[in-house]
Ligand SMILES: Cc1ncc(COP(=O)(O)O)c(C=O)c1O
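The chain below stands alone, shown as structure tokens; this is the form predicted alone.
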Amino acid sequence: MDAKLGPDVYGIDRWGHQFLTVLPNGDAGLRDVQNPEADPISIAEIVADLGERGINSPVLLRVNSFLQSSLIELNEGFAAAIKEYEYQGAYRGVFPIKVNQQAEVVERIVETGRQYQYGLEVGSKPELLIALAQRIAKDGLLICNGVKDEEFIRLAILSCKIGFNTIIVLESPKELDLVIKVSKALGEKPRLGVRIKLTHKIKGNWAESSGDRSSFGMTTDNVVAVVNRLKAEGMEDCLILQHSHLGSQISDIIDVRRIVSEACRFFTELKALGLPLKFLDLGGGLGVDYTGEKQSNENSVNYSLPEYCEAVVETVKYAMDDAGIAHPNIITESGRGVVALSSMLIFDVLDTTLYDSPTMPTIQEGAHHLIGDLSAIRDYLTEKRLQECVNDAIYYREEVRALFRRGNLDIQSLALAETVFRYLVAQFKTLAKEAETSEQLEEQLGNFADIYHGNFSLFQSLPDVWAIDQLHPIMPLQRLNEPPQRDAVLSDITCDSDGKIDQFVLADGISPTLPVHDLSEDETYYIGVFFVGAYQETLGDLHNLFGDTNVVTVALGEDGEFDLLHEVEGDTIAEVLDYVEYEAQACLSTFRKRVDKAVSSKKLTISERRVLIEAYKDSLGGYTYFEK
């Protein structure tokens, strides 16, 4: 069967990470990877159940077991690699809070990670306060990166006295001055790390986060200066950690090995200077295969999680053995790899703009000859002449439009030509599904793709899709047992031309359109965007003042049921107005005065006043998205 018409047109088997399946009724189903014998649960049924509870789409759906399984797989992967290579140090992972700062996520990571002595990484004072309110495991680490003021440093140093294993990572020699000042004032020695810029640079969207031109960390001369200063202060025993950020979403396992190897060279040299380093922090970098391609590119990776763990452990072991140094404890700050797969955005399709017509209109005698030429394409349309016919149709339509712009054609004639063109487009699309098509032809037909208008804000919920063309798997959640009839791009609810998605992960590669079904009057059509757990919740903005969506966390049961563990209502309009410095009650008061003035001038009746005021008040307390 042609991949375009096959049952797995969306490539679930490639990118689904065993989390997803298609149920016999055509619904997308969630599998509990921690309990593979349990029945899969229909996402559409979850959404329907949430709707009955008053939790409407768009909704961000978190699955607790997906979050747990990613974290467990990471820690078990390092445990297996450590055993295989007889590595003498431990793995002490930390979750970088910046990747997903939501309380529900952080608290569940801390809870699940406790058995592995898993800790947290913070890069700001607010994140530090979050971390200090968590029950981190006894031997779990609290790594402090980023720019730090005196208050930050004071909190970090004193937190060690109440049981936290807090390590302050120095970003610059100037920061060391501040640490020494606060340390002396408190009479407490800090636990320190030093962040070193490596020279190797990765490829892809996050290349600038690696290499010696990255924003954070010290150059070699800075590191030597810091070491000398610590020795002069008698504080060299405080420096127990070396940190280097490998880069975000590293796609090539060879890059992982090379960067880890370079980090080890610095580690062995610092040990040779007599520093008591115990931890080698390799930062982030563990990538997510968003497309299932298993290739080294911006949206995929050419390695598995076990391969990543083995590459890190093996590289560090051999480097330390060659230098005759005891194996350090390995730290990674894997955020994307831990949380990306745990969440999905679900929204309903509100409307469509269809770029085809099912019937050819009748061409009356006396119609402009260009319209006749356009309609005549139907007579010689074949698979072999498809490209020729598309070229002719585009040419004739443009000529008709030019005549209209110059005032030589009326609006009825233009409308007739457009209808003929849309009919031909429908025929072109049908033929193209069966024919061998060139890249040029696919691009031309892509310009006539349907538009499905979704109840979501790209800028709020999927900012990386807009900003850096990040690919997320996207597919309908129903009727997956039916061949999709249409190819569409997705447009969001904002009034912005950038609010669209036109790159999709399919079974046969990346496509500019998404195969979708014709809408049915008696069914709400839902689309799911998967693997949005990393960064998307924290990077969103208030474009058109669309706020946070409803958020729920669910646990999958054994009998095809689910439990609602946690719910956060999406922003109301009043809350969003407050974010941009409007007081809802002040807005209501001003509006009420204007309404009363209209009543006084007899432009509005008393009963109309009541309806208008109530509508305004109801809207202030309502969801920022489309409500049915």
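A residue's number is simply how far along the shown sequence it sits, counting from 1. Bear in mind that the values here come from a model prediction, so they are computed numbers and not experimental data.
There is another form of this protein, the form predicted in complex with the named molecule, and it is not shown here; the text below is about that form.
At the 4.5 Å heavy atom threshold, is residue 355 in contact with the named molecule in the predicted complex? Judged by the heavy-atom cut-off of 4.5 Å, residue 355 is well away from the named molecule in the predicted complex.
Heavy atoms within 4.5 Å of the named molecule in the predicted complex: does residue 113 have any? Judged by the heavy-atom cut-off of 4.5 Å, residue 113 is well away from the named molecule in the predicted complex.
Interface membership of residue 245, the named molecule in the predicted complex, 4.5 Å heavy atom rule: Result yes; residue 245 sits at the interface with the named molecule in the predicted complex.
Is residue 390 near the named molecule? Define near as a heavy atom within 4.5 Å, in the predicted complex. Looking in the predicted complex, residue contacts with the named molecule do not include residue 390, since no heavy atom lies within 4.5 Å.
Pick from 289, 333, 348, 537: which residue has any heavy atom within 4.5 angstroms of the named molecule in the predicted complex? So the residue touching the named molecule in the predicted complex, by this definition, is 333.
Within 4.5 Å, heavy atoms only, which of 486, 229, 98, 500 is in contact with the named molecule in the predicted complex? Only one listed residue qualifies here, and that residue is 98.
The named molecule isn't shown here, but in the predicted complex, which of 245 to 253, 263 to 271, 85 to 93, 175 to 183 has heavy atoms within 4.5 Å of it? Result of the contact check: 245 to 253.
Heavy atom within 4.5 Å of the named molecule in the predicted complex: which residues of 129 to 156 qualify? Only 145 sits within 4.5 Å of the partner.
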